[in-house]
Structures are given as structure tokens and as C-alpha cells.
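Just the one chain here, laid out as C-alpha cells, in the form predicted alone.
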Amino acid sequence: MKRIVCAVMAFVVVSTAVYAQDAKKILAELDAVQDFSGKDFSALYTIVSQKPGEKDSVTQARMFRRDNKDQFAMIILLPEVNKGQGYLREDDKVWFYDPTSRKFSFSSIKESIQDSEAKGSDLTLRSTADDYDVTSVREGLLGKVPVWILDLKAKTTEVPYERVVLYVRKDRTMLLKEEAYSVSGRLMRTTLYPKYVELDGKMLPSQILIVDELNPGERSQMTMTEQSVETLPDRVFTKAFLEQVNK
């Protein structure tokens, strides 16, 4: 009996170690897929938000990234009333530009985009491996698709959520679902990634469905189009660019 118990314990220890190595590899691959260091990345995002009793709202934004310098800029195209508003990450600061007042104010990547369920952090380069520790990893199914289920805990307060659970395809490293939790353990939002598109040899989510778990019926669908890795002018990542766009 002792031999059986020891054998089972040894198997559990080995399996846990293997899973831990798998988890680190998965996070590294997820980070690599979204990292376009050495190139510029731009895309057009259309966000359709639904709230009970309200007409669907549509937000459209053009996003620009230069990952090797951690630069980010975004210009709002729709709705018309907010056209020309923009965001710029400069060093460690995030600025919001209002073309009406022609002034810049401090903002945050954690903030929602035009009152939708999407946040600025959904569009920026993220390093999951740097921001989170893996607390557990297990195998499972999402529908009929075999997945790795990774439970992560935040290392820093700079991330939007204290805990996230990722559902990643086993046959190819693609994020299919993400659950985000508060410090108290309450489920805040669920994000689904049903469609992907290939760009520069990488598979990127072209459709993202974000469900607000605190307010039943509230959700946003974000669609990415016109994705590109063509080189952008340096001026795109300046305050002057946001000001000139509105002239």
C-alpha cells in the first residue's frame, strides 16, 4: 500500500511539474503571438455595444502600435460626436485628447473605450507572463475543443484584474476564452475569441465578444479589420499627430 501511495504521489508531483512547464510555455507563446516588435502594427476596430432597453451603439477606432518602444496611439472615428478624440501612450503616461477643448488629460489603459465593455488594455501589447503568476493548470474541454485551463494571479496592480482564467487550444496556441475576476473573487467579465485572422504568420483574434457579468445583458462585440504591419511615420506617436488629425 505504501508503494502505491508513493507511486501516486510521485505521479502527481511529476504531472504538476510538467503542467507547470506547459503553462510557462503557453504564456510565452501567447505573448509572442501578439508581439510585433521590430514592426509597426495598426488596425481598425469596430465595437458594437448592447445594453438592455437601449439602442446598440457603434464605436470605431483606428489603433497604432510600435511594440519595441511600447508606443500606442488611437483615434476615435465613430460616433460622430466623439470623432477626433484620441489616446496616446508616451513613456509611462497615457494621454486622452479632446478636440473640442484642444486639451490633453491623463487617462489609463484600464479605462473603457467610449463606454463599451472593451478597455484600452484589450488593444495594447500585454505581457501575461510578466503580469501574472500561474496558480494552477489543468486540461479540459470548451465545447468539444480540448483546451488548457490556466488560472492566473496578478503580480502587479497595473493590470485591470486581480485574477484571470484562460482557456487555450491544445493543438495550437490560440486563446478561446478568458474569465476576469475581482480581488474578492467575483466574476467581472467573460471574453470570447470566436474568430481569428492570420497576419505576418501570426493568428490574431479578429472578433472578440466581451460580456459584462455584473450587468446582465450588457455586452460588446469588437471586430478587427484593415490589420497591417506596414511601417508608420514616427509622428503618429506624438501629441502633435492627434492635434493635426482634427484640423
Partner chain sequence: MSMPVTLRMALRNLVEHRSKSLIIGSLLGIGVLILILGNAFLDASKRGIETSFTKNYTADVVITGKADGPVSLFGVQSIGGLEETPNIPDYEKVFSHASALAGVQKTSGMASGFGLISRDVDGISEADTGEDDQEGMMNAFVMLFGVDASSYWQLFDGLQLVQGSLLQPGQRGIVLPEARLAGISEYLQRTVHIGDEILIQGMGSTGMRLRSVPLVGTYTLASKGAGPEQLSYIDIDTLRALNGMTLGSSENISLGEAETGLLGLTDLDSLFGDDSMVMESSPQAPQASLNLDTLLGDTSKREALNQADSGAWHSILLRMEHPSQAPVAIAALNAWFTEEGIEAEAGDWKKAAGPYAQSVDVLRVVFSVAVFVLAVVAVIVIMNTMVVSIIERTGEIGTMRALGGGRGFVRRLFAAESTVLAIVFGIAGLALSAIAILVVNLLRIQAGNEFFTILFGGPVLHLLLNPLSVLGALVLVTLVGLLASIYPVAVALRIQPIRAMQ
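Since this is a predicted model, take the numbers as computed values, not measurements. Numbering follows the first chain given and starts at 1. The term rigid core refers to the most C-alpha atoms you can superpose between the two forms while keeping them within 1.5 Å.
Not on display, but discussed next: the form predicted together with the partner chain.
Peer 1: In the predicted bound form, which of the stretches 181-189, 65-73, 23-31, 206-214 has residues with heavy atoms within 4.5 Å of the partner chain?
Peer 2: So the stretch in question is 206-214.
Peer 1: Quick check on this chain: which one of D151, E162, D98, D131 has a heavy atom within 4.5 Å of the partner chain in the predicted bound form?
Peer 2: Of D151, E162, D98, D131, the residue with a heavy atom within 4.5 Å of the partner chain in the predicted bound form is D98.
Peer 1: Is G38 near the partner chain? Define near as a heavy atom within 4.5 Å, in the predicted bound form.
Peer 2: No, G38 is distant from the partner.
Peer 1: Flag K155 as yes or no: does it have a non-hydrogen atom within 4.5 angstroms of any non-hydrogen atom of the partner chain in the predicted bound form?
Peer 2: No - in the predicted bound form, heavy atoms of K155 and the partner chain never come within 4.5 Å of each other.
Peer 1: Counting only non-hydrogen atoms and a 4.5 angstroms cut-off, does S228 reach the partner chain in the predicted bound form?
Peer 2: The answer is yes: S228 has a heavy atom within 4.5 Å of the partner chain.
Peer 1: Although the partner chain is absent from this view, report whether S105 comes within 4.5 Å of it in the predicted bound form, heavy atoms only.
Peer 2: S105 belongs to the contact set for the partner chain.
Peer 1: Out of 170-197, which residues reach within 4.5 Å of the partner chain in the predicted bound form, heavy atoms considered?
Peer 2: Sequence-ordered list: R172, M174, L176, K177, L192, Y193, P194, K195, Y196, V197.
Peer 1: Comparing between the shown form and the other one on the rigid core: C-alpha of Y167 shifted by 2 Å or more?
Peer 2: Comparing the forms between the shown form and the other one, which are aligned on their rigid core, Y167 does not shift its C-alpha by 2 Å or more.
Peer 1: Take the rigid core as the frame of reference and indicate whether the C-alpha of E139 shifts by 2 Å or more between the shown form and the other one.
Peer 2: Stays below the 2 Å threshold, so no.
Peer 1: Relative to the superposed rigid core, does L232 relocate between the shown form and the other one - that is, does its Cα move 2 Å or more?
Peer 2: Yes, L232 moves 2 Å or more.
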